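Okay, so here's just one chain, in structure tokens, the form predicted on its own.
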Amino acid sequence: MSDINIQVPILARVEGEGALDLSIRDGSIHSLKLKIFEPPRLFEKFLVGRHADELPDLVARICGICPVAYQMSAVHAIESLADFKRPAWLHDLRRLFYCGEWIESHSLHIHLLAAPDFLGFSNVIDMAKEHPEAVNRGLTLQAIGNDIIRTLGARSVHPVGVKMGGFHQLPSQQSLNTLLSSIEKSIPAAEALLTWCISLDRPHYESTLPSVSLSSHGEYPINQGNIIHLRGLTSRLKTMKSTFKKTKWHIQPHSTLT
């Protein structure tokens, strides 16, 4: 069996910058390197000496697609230091805010980045010629996610509505009713997306790596929960010092990925 060497200098349709080196010998992977060469953002140093109230707006600039994740991490960290107890209404609104980001980000990733590979197209423009309904559905769902972020964050990209302890301004009942109507109308498109994704031909793959995830009782974990993995280790997120004590961080020489 001949050796196979694959080098991809630039990975297209990924959120970030990377490359791939793959070497296969006798039918087994000999070497595999995912090279993330996107430079560090260094926001940790940007934040030193800044007032806590500035953090949500600053960290939102880390990413134009997932700013809510950074905002929630920042406000939860500061609120934990102050032992702030989030009321139920704030928990629900922040969860809605975060779901808006998940909807727009996943819609973009599935339809514009991943689907062309699954269906054998070089890009989403070519895919749209044969599957216009799928592309239109993706753009429609992404717009719904952006609307949710805009309603609570004042704008959909780098939102500015978040503050410690809540939001700068709560949306009006009329704007929430309008948003609810749009979400309800988009449910058939979301259900069609699930059916469509299940129908895609996917390779069977199993991994023995110790996968890590959040776990939370009563709801799908987004903003809170425990860190768990297959070996049974559980670490409460509110005790971040213990979390870092149980976690080893290192950087591969070929990648900036931690």
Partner chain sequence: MIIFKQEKPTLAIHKFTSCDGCQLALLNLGPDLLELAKLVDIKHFAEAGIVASEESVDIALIEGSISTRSEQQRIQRIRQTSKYVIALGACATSGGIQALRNISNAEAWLASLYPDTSVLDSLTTSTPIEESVRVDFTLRGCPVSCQQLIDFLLQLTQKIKPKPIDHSVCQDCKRNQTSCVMVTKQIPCMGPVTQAGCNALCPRINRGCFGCYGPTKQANTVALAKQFKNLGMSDKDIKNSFLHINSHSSAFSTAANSINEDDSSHE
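Positions refer to the first chain, counted from 1. Everything quoted here is computed from the prediction, not taken from an experiment.
In what follows, reference is made to the form predicted together with the partner chain, a form of this protein that is not presented.
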With the partner left out of view, is C63 within 4.5 angstroms of the partner chain in the predicted complex by any non-hydrogen atom? yes
In the predicted complex, is there a heavy atom of the partner chain that lies within 4.5 Å of any heavy atom of C197, even though the partner is absent here? no
Would S186 count as touching the partner chain in the predicted complex under a 4.5 Å heavy atom rule? no
Contact between L42 and the partner chain in the predicted complex at 4.5 Å, heavy atoms? yes
From the list A88, L81, I125, L180, which entry has a heavy atom within 4.5 Å of the partner chain in the predicted complex? I125
Pick from 72-80, 172-180, 137-145, 89-97: which stretch has a heavy atom within 4.5 Å of the partner chain in the predicted complex? 137-145
Could you tell me if all three of I4, H106 and A190 have a heavy atom no more than 4.5 Å from the partner chain in the predicted complex? no
For the stretch 141-175, return the residues whose heavy atoms include at least one within 4.5 Å of the partner chain in the predicted complex, in the order they occur. Q142, N146, A154, R155, S156, V157, H158, V160, G161, H168, Q169
